[in-house]
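Starting off, we have a lone chain in the form predicted alone, written out as structure tokens.
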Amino acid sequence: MALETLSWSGTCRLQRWHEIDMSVVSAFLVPGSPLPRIQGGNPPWDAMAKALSAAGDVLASTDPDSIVVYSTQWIAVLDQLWQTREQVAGRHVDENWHEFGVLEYDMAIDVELATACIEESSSIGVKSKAVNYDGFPIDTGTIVADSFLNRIRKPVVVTSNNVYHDMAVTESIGQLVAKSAREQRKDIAVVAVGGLSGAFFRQEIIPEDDRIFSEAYDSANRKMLDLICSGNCQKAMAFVPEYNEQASPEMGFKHFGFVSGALGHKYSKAEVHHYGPLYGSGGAVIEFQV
């Protein structure tokens, strides 16, 4: 049965945890699907594209020195990887949605900040490695996030999702990025890229008929969003294991852990600009304000 409403809008106060000297001036959690970018004219993906563009407007208004992107779609196995080539550019064809077209990208990299993160990662028990060679395959999620949110063309720090890092380690990497930025006296925007419920339709659908794969997945997504906005982040984090069982979000919802860690688990409010389907899976554009 099709769900009657898939929109979500609201602003909610979030609980302050411990006080730290913040370097993060804006932060976002966004889906990494290419559909809003390359098929944004099709409803309901146009609503997601508009929400992503609105998030880009907010990011631009905070005028960061650099933008840090953590994407669940850049898969690493042995080490925590960081892009350190000064300029990365090219054309990318998504492995799942290749029939919809090509993604162009051109990003300047904040090598100084990325290098600092690499050098300091041993302090949190993480082994990091620099990636610097021509033609390295930039992932879809990073490209989509950069295209919507980085219209002011700031340099970016791009780091990977190591599949063996759990939520706690991922939070500590987020904290490390914020600490390194503070030490360099840089203001940063943090963009965590990943989806909500992970079930896709395996048959071709008409875009206008897209919906969350099931009511159960939709219910779990909405509960997670409610908890993020409830004013008690401890409860939101505590729900993640159950949420993983109920909705199978991308990579155990570690993208939420990254942005939470970067913010020191302290933000004044969060706004869900849009929640809706991406070929059956769930996606949300969430703005965390500091």
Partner chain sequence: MDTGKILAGFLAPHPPHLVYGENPPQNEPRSKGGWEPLRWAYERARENLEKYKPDVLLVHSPHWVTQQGHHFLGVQNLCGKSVDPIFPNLFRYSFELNVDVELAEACCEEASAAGLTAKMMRNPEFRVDYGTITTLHMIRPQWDIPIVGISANNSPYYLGTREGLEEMDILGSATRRAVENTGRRAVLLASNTLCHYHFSEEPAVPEDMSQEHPHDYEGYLWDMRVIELLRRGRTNEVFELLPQFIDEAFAEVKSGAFTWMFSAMGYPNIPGELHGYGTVIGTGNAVMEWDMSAAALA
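Numbering follows the first chain given and starts at 1. Only a predicted model underlies this, so the values are computations on that prediction, with no experimental measurement involved.
As for the form predicted together with the partner chain, it is not shown, yet the points below apply to it.
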{"property": "Partner-proximal stretch of 184-192, 149-157, 78-86, 115-123 relative to the partner chain in the model of the complex, 4.5 angstroms, heavy atom", "result": "78-86"}
{"property": "In the model of the complex, the residue from 209, 215, 106, 134 that sits within 4.5 Å of the partner chain by heavy atoms", "result": "134"}
{"property": "Proximity of residue 99 to the partner chain in the model of the complex, heavy atoms at 4.5 Å", "result": "yes"}
{"property": "Contact of residue 168 with the partner chain in the model of the complex (heavy atom, 4.5 Å)", "result": "no"}
{"property": "Residue 267, heavy atom within 4.5 angstroms of the partner chain in the model of the complex", "result": "no"}
{"property": "Exercise: residue 279 in contact with the partner chain in the model of the complex, heavy atom 4.5 Å", "result": "yes"}
